[in-house]
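Only one chain is included here, represented as structure tokens and corresponding to the form predicted alone.
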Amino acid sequence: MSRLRLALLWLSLLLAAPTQAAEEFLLPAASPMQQQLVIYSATDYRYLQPLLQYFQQQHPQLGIRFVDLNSQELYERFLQESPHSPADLLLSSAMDLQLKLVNDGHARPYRSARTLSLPSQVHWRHELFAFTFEPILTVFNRELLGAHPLPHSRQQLLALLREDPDRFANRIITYDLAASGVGYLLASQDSQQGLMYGRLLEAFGGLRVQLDDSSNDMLERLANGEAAIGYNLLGSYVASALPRYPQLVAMAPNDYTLMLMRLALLPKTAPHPTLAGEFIDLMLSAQGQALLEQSGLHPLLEPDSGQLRLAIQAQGPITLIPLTPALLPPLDPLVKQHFIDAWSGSITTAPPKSQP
């Protein structure tokens, strides 16, 4: 990132959030504050900033405290604080963890004209509400692929790694399952699609795959050449990065492309449930969906019809991760530990030999 671009980024953040600290963004009220809405979010602040500012314009005496966490941290922090958590709203793409909070009795039902009009597959018992879609992509640093053509499927990716292992050793990056809730969700979903994921994972391990807990961090590392291949990155962050980094190119695999939903949960202990409900309504309104799209997220609903908007530029079938209780069994502690142990074992296998 150039110095000028970095300076502009900091300036925009300072103008929007004059009291930013660490991973928190405080949006002061325009007039004497009477209430403060607290949002725990695994969606980066910059993608929700326009929506937050629009909501504040409708509530000039409202301050907003936005706490930016990764999906696993969000889940654990809320449970550690419960029942005294200050959070009014939990926003996360870790669909399984959000559903577990509902299943464990931490959510408050919310019904409005807006939520009652939602298709059944994008909410759960009126306690959990999708507000965007998120295609899952593989990203390449084109300059580091050399003369190799761009793979378009997991099979082609595996063939590429076997053909030229020296080129890609230490240059593959993906989510750390132990640190990222959404990373674990995506890996568990991949494992249900067939044997290819296991073979790919072993190839990753043989090439000493790098791990991270943030799509944006992985994109930065891809852009600066620390990595050549990023597997299972969140599509909205990828779409935002591609114009900044022309050396990067994204691939929606033509065997299948996972698609998850970002979900909003109103905690049972929320200090301001009415305001939190109004914010959910805004996110699901035509205005809210347009603001989310303008900031780089993939909207949930068509602007005119209110129907689901699943279309992305995928080269093959889209596998939408369903919002159903089927997400819960992989979160059983024994099942999860076994999966992570097996996954860890796969990525510590011996390096493969080059093809003759």
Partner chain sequence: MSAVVNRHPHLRRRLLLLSAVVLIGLSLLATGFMVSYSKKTADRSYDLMLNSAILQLANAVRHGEQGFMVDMPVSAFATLAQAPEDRVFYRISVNGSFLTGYAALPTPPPTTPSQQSLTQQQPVFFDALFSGEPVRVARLTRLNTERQPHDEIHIELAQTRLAREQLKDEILYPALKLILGLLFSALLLLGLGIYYALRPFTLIARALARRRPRDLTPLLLPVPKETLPLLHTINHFIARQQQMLERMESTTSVAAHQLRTPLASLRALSENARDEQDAAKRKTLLAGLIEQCDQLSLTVNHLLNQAMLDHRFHSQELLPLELNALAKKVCLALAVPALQRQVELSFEPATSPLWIQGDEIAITQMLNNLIDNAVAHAPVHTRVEILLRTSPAPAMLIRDLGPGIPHEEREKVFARFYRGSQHRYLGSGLGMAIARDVAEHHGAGIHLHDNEPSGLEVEIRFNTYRSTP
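Numbering follows the first chain given and starts at 1. This structure is a prediction, so every number in the text was calculated from the model and none was measured.
Below: the form predicted in complex with the partner chain, not depicted.
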**Study point:** Partner-proximal stretch of 238-246, 220-228, 155-163, 124-132 relative to the partner chain in the predicted bound form, 4.5 angstroms, heavy atom
**Key:** 124-132
Review point. So, in the predicted bound form, is residue 53 in contact with the partner chain at a 4.5 angstroms heavy atom limit?
Key: no
Check your understanding: How about residue 104: is it within 4.5 Å of the partner chain in the predicted bound form, going by heavy atoms?
Key -> yes
Exercise for review: Give a yes/no on whether residue 24 approaches the partner chain to within 4.5 Å in the predicted bound form, heavy atoms considered.
Suggested key: no
Practice item. Find out whether any non-hydrogen atom of residue 335 is located within 4.5 angstroms of the partner chain in the predicted bound form, and reply yes or no. Key: yes
Check your understanding: Out of 100, 199, 114, 77, which one falls within 4.5 Å of the partner chain in the predicted bound form, going by heavy atoms?
Key -> 100
Revision key, fill the gap. Students should find that, of 274, 192, 82, 170, the residue having a non-hydrogen atom no more than 4.5 angstroms from the partner chain in the predicted bound form is 192
